[in-house]
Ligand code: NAD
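Shown below, as structure tokens, is a lone chain in the form predicted on its own; questions about how it binds or moves come after it.
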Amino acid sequence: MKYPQVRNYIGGTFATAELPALDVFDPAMGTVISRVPLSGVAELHAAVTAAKRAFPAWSAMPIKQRVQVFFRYKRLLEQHIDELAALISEENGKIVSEARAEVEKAAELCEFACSLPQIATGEVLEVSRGVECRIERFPLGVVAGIAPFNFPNMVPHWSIPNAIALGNCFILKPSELVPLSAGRIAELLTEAGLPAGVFQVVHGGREVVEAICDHPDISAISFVGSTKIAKAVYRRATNNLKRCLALGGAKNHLIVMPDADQEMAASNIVASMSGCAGQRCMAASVMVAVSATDHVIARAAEIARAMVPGKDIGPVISVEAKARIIGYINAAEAQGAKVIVDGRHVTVAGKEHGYFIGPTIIDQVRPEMQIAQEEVFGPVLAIIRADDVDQAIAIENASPYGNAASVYTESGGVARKVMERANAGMVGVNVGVPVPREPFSFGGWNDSRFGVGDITGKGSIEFWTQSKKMTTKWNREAGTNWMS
């Protein structure tokens, strides 16, 4: 193996324990590069115990002092970007440019956390003569985040900087498919001056996820993954009276109007559906082609065919994922859809055992087809035809998901109509991946999100804190009323 076995990070040290382990694969080569331990209740409990010890001192520190760690940590992310991107590329398969963008976004999330002293301020008002009311925010205690495989570095940073800067102690459970980046996050946070116990990493699978949901001393959980698992985590966590914000899957629709700029629309759509090998919840998976848009489809197909697997697009995460994605394509073709760009038979020289699928575009898809309804999570674009924008919006609205939607048009009126009526938490105009930038928060609707609020930006402050309302009267001459 290229890397030693992955270890949990508990109480400021990497813990060695005799635990069952899984192989960690390089998706581009199909080779084993490390092994990851399958932790259980005991390992999680040790992390919680260390976090509880660290919490009193960390939470008592003024927020302006806490965020100094993230000023230093942001610089470390930038200084180590080449190394961190290479690690992401190796364990996840992303091409290096995508991996670098992931680290850059993690740094941006830390930048927002550094601004929290100016944003997460309390409120105070003299509500009657001599009587003052104020609200201050306090951390919850020990909290946890369960992260997916598709963004080993960025998605953990949706939660880590804000949760910790707001005074909590954080336990990260990375995906067992991509455990390597979490160790470097722990090392760099420690180098930035984060005290031992404030951040922990516990690796594992279902057993440790369930232990996180059940542990009485964990107050809140953030989760990112498939809708099926998001529902299960949300139900189990809230059944144990915890706060939970669980982000699920997506089926993002890009509505393309006849007046769309051909080059911009075609290039953006292909980039959206194929970026990160389509393994992101913001990927374009359905193009709703309104009326005379064959010219945009033809150009998108041309751009997709020119992409080089292994250079312009990385592999999917596993051999099982590759088989599942090909199964969706096969089923759509069998049901009468037309595969106009076919990525099923890709091989990459020198990486013949990698899990590569080329960009795939499927036309003449009907709304009732499986590929039009379910999240494929691969570089596959399904094209559904619509007569007008109202029919296109109805197709988008019929999806149980609600993560993102976009429209390509030169008409401000059409753009506004789609933005208002799309049943999605994030919408865009002439944007293939409508991800809000900080300080605007990330979060979908419907089956793409379970819980209240958003996972980043200002929306996360409410989730990671609790408010205390304080009423004071120092003036004995203040009027007597029902509050007295």
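Quick note: we count residues from 1 along the sequence shown, nothing fancier. None of the values given here were measured: they were computed from a predicted structure.
The next section is about a form of this same protein that is not shown, the form predicted in complex with nicotinamide-adenine-dinucleotide (NAD).
Annotation: in the model of the complex, residues 76, 104 and 153 none come within 4.5 Å of nicotinamide-adenine-dinucleotide (NAD) through any heavy atom. A single residue from the set 181, 403, 293, 168 has any heavy atom within 4.5 angstroms of nicotinamide-adenine-dinucleotide (NAD) in the model of the complex; that residue is 403. Contact annotation: of the candidates 363, 98, 90, 176, the single residue with a non-hydrogen atom within 4.5 angstroms of nicotinamide-adenine-dinucleotide (NAD) in the model of the complex is 176. Put simply, residue 448 is close to nicotinamide-adenine-dinucleotide (NAD) in the model of the complex: some heavy atom of it is within 4.5 Å.
Proximity of residue 205 to nicotinamide-adenine-dinucleotide (NAD) in the model of the complex: non-hydrogen atoms within 4.5 Å are present. When contacts are judged by a 4.5 Å heavy atom cut-off, residue 128 does not count as touching nicotinamide-adenine-dinucleotide (NAD) in the model of the complex. A residue is said to contact a partner when one of its heavy atoms sits within 4.5 Å of a partner heavy atom; residue 314 fails this definition for nicotinamide-adenine-dinucleotide (NAD) in the model of the complex, lying far away. The candidate stretches are 354 to 362, 218 to 226, 305 to 313, 384 to 392, and the one lying within 4.5 Å of nicotinamide-adenine-dinucleotide (NAD) in the model of the complex by heavy atoms is 218 to 226.
Shown without its partner, the chain has 442 as the single residue in segment 427 to 446 with a non-hydrogen atom within 4.5 angstroms of nicotinamide-adenine-dinucleotide (NAD) in the model of the complex.
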